[in-house]
Ligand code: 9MR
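Presented as C-alpha cells, the chain that follows is alone, the form predicted on its own.
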C-alpha cells in the first residue's frame, strides 16, 4: 500500500517530529504526543463517551478489559467529553413528572469528567428524536395530516396520538431544562440546547416539521435557549446540526442564527456535527467554516467522524437508521490512506479557522464503540491503536503553512 508523507513515519517517529508553534516559540511535543496537548494552543479536542466508559463497567460490545483501555485512551488523548446518549430526554427523563428522571448515568458522566478535569458538554435538551411520547401527549386531537401536509406519513417512531397544547408542551420543556441544566450548573460548561431543527433539502422551509414546531410554533427554539440561560447564566449555549457542509442547509443555519441574534436570543455558539465521508475536502470544509464564521459566534465541531464505508460516500446525515445501511458493504479501496488524507484536509481547515473554531469533538473514542463502526471512521481502531489518520492529523502542524 502506498503511503503519503503524512503517515509514512511510524507512530513513535512522527511523535518526536510534531512541533507546536505558540507566541513565537517552538516546543517539541513529548515522545508520545496526545491530541489534547498537540492542539492545546488551537482548540480543545474531545470525544463522546458511552455509559461503560463513564461507569467503568462492561457493555456496548466491550469486555471490562477493553473498557478499561477505552477509559485510559480517553484520559490520555482528550480534554473534553460529551455524553453520547445519557443526557438525551429519553434516557434522563423517561417518565412524566418530577419523579420520572433517571440521573444515575448522567451523574456518572459528570463525575467522570470532573474527576479527570475535563470540559463537559451536555447533549441534548430539545430534539425531535429520542424524546419519549409522554412529552407530546395530551388531549388535543392530532391533525388530519402529518405536519400539515396532506398525505404525509409520520417518521419512524414519531408520536401520532392526541397532543399536548402549546402551553403544556412549553411547561414540560421549561421544567425539563430547568431541572437538568440546574442539576449540573457550573459543572457542564456547554449545552446543546436545540439539536437538528433545520429542515433538510432545497425547499424554502427553514425548520424541520417536528412536533416541537407543530405544537409550539417556530419560537420553540428561542424559548428553549431562554429557559437554559435562566437555569445557568454562565453556560455556553449552542445550536447543533448536521450536514452544514451542504451550502443550502448552511444558508438556512445562517438565516436562522442571524434572526436569533436580532431578537436577542442567547445562542452563544454554533455546533457543526461534521458526520462526513472521505470525499469531503479541505476546500469544502474551509468554505463551510468561512461562511459560518460570518455569524461572529464560536464554532464547535461537535460529532466528528469520517465514514470510509463504500456505500456511505454521499451521506452526511445523522439519522441512526440510515447510517446502519450506509456503513455496510465493505470499506472503500485503500481506506486507511484515504481516511488519513481526509482527516489531514479537514484539520488544515480547522487550524486555518482557529480564531473561530474552539472545540473539536470526535463522536466516539475508537472504531469499536462508534455508531458508524463498520465504516471505521475514527483515529483509533478497536484495540485503541492509532491509525495512519492519527499521524496525519498530528502531521498537519509540521506543514510549512502552520509553522
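Positions refer to the first chain, counted from 1. Bear in mind the structure is a predicted one, so any value in this text is a computation, not a measurement.
This next part talks about the form predicted together with the ligand, which is not shown.
Although the partner is absent from this view, residue 238 stays clear of the ligand in the predicted bound form, with no non-hydrogen atom inside 4.5 angstroms.
Looking at residue 78, you'd find every heavy atom of it more than 4.5 angstroms from the ligand in the predicted bound form.
Contact check for residue 123: a non-hydrogen atom falls within 4.5 Å of the ligand in the predicted bound form. Although the partner is absent here, residue 43 is not a contact residue: none of its heavy atoms lies within 4.5 angstroms of the ligand in the predicted bound form. A heavy atom within 4.5 Å of the ligand in the predicted bound form is found for exactly one of 179, 287, 214, 130: 130. Checked against the ligand in the predicted bound form, the candidates 252, 163, 223, 88 yield a single residue with a heavy atom inside 4.5 Å, and that residue is 88. Checking 67-75, 113-121, 92-100, 271-279 against the ligand in the predicted bound form, the stretch whose residues place heavy atoms within 4.5 Å of it is 271-279.
The candidate site formed by 47, 343 and 391 is entirely out of contact with the ligand in the predicted bound form, as no residue has a non-hydrogen atom within 4.5 angstroms of it. Along 351-374, these residues reach a heavy atom to within 4.5 Å of the ligand in the predicted bound form: 363, 371.
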